[in-house]
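Here you get one chain, nothing else, as structure tokens; it is the form predicted alone.
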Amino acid sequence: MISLIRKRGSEIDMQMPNLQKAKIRNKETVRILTDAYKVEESLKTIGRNLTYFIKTYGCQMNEHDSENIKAILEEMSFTEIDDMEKADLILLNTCAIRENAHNKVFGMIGRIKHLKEEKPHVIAGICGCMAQEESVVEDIKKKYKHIDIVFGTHNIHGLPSLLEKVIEEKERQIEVYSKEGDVIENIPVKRDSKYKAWINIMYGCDKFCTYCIVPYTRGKQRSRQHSFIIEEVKDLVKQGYKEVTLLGQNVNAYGKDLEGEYRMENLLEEVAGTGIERVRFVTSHPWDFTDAMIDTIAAHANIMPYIHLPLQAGSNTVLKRMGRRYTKEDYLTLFHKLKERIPNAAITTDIIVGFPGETKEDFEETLEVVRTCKFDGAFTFLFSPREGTPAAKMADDIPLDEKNQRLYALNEYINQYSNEANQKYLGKVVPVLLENVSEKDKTMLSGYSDTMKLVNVKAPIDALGEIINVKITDVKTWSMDGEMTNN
């Protein structure tokens, strides 16, 4: 058991986040560091007989960060446990993109406080995007003394030394860097799946959409060298993985910050050439989606015909206030191009409702785009102001009940078109990567089709990890049922 009775005055604020510094883009050369991560021999057994629990909020990037954190902790001899109440170390890997995520995290912080009153030896920590927010860390510093460790998105690799100070020196650690960022290679990973894997291809973002906190919490846009990415994919192929998803805040901009002409279409082609059976990528910004990318996707059967393409709004007036850098017409041109050139393409999107100044006419334009595109699905949200972003300072005079009415009206269309898109699969045979036992029926397995449709199927347990042909026998709005077939 860890003894964590702090010495009087033993709080060391090594580094607090700073919003102004996080905005800076000096175009400094990105450092690619292959030796920044290291676990000293003295720390490799510090977690022996101790357990850890990680709760992850937010996007796929956060999920992959948690995979890195798990691997680091296990190199220090900690053992993962799925019951927070029994853990010796609790980490919350947080998301900053919406207020709802903040509320959930602070609710969990309250639960941890009560837990630590009963078990004062427990170490509790906050990391991820919320840890990069100045106001959040100030609150934690002043009001939540039971949080022992805070670190950000730029120094996950430094976790061993932070834990050493907390455990051995009984000192609270707050270390968050607000900077453009480096590329840290060779951080270990403990993947959540044996069949599909996340792969970071780039970090950060330079788009600075007026509502978005990501450029502040994740740093500037910086691509990994493609040689590291390809080696990672090849290693996964050797391990028997069937699918990789290439991750970035704006994957379409991959390579723009590197010397030479190697871009996202080149990376997609090379990844497809490794022989991995499925390639996916998220998230795309419409502004950077090139014809060359479309041609590459269309030319390779193992690049899945599924594209997540955030719209955010269908009004040019709102898009301009959002800083999205494209018009409704640009988006529709790209959408139709994708549909024409990629057979069977399924396209999903993100839409924000109630952005400051959005009129009823603006909202109707968004609905018109939705009626035109008939998306396979969408993540829809009420506007959530993020402190420090330009949109947070915009006059927001739309009543909440009006915003909720608009969201309801939008979701009615989204649900309708999602169901219509799924109905087209009834009686057809689709390839499905079986990943888990079905949540709705333990006698069935579940997985995703090439077009990212959730499919439940009667199949033997030893079929997990296989891509099988499934004939769709029943269709719902958000999932399908099917049976194995040799066709």
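All residue numbers refer to positions in the sequence shown, first residue = 1. Remember, it's a predicted structure, so these values are computed and weren't measured experimentally.
Form predicted together with S-adenosyl-L-homocysteine (SAH): not shown, discussed below.
A.B. asks: Just one of 156-164, 406-414, 283-291, 110-118 has residues with a heavy atom within 4.5 Å of S-adenosyl-L-homocysteine (SAH) in the predicted bound form, so point it out.
C.D. replies: So the stretch in question is 283-291.
A.B. asks: R222 near S-adenosyl-L-homocysteine (SAH) in the predicted bound form, any heavy atom under 4.5 Å?
C.D. replies: No, R222 stays farther than 4.5 Å from S-adenosyl-L-homocysteine (SAH) in the predicted bound form.
A.B. asks: Indicate whether S-adenosyl-L-homocysteine (SAH) has at least one heavy atom within 4.5 Å of a heavy atom of Q173 in the predicted bound form.
C.D. replies: Output for Q173 is no: heavy atoms all beyond 4.5 Å of S-adenosyl-L-homocysteine (SAH).
A.B. asks: How about S384 - does it come within 4.5 Å of S-adenosyl-L-homocysteine (SAH) in the predicted bound form, if we only consider non-hydrogen atoms?
C.D. replies: S384 belongs to the contact set for S-adenosyl-L-homocysteine (SAH).
A.B. asks: Residue-level question: is Y211 within 4.5 Å of S-adenosyl-L-homocysteine (SAH) in the predicted bound form, judged on heavy atoms?
C.D. replies: Flag for Y211 set to yes.
A.B. asks: Of the residues L92, I352, V279, L319, which one places a heavy atom within 4.5 Å of S-adenosyl-L-homocysteine (SAH) in the predicted bound form?
C.D. replies: Exactly one residue meets the criterion: I352.
A.B. asks: Just one of I97, V233, A87, V137 has a heavy atom within 4.5 Å of S-adenosyl-L-homocysteine (SAH) in the predicted bound form. Which one?
C.D. replies: Contact with S-adenosyl-L-homocysteine (SAH) in the predicted bound form is made by I97 alone.
A.B. asks: Heavy atom within 4.5 Å of S-adenosyl-L-homocysteine (SAH) in the predicted bound form: which residues of 287-317 qualify?
C.D. replies: P310, Q312, in sequence order.
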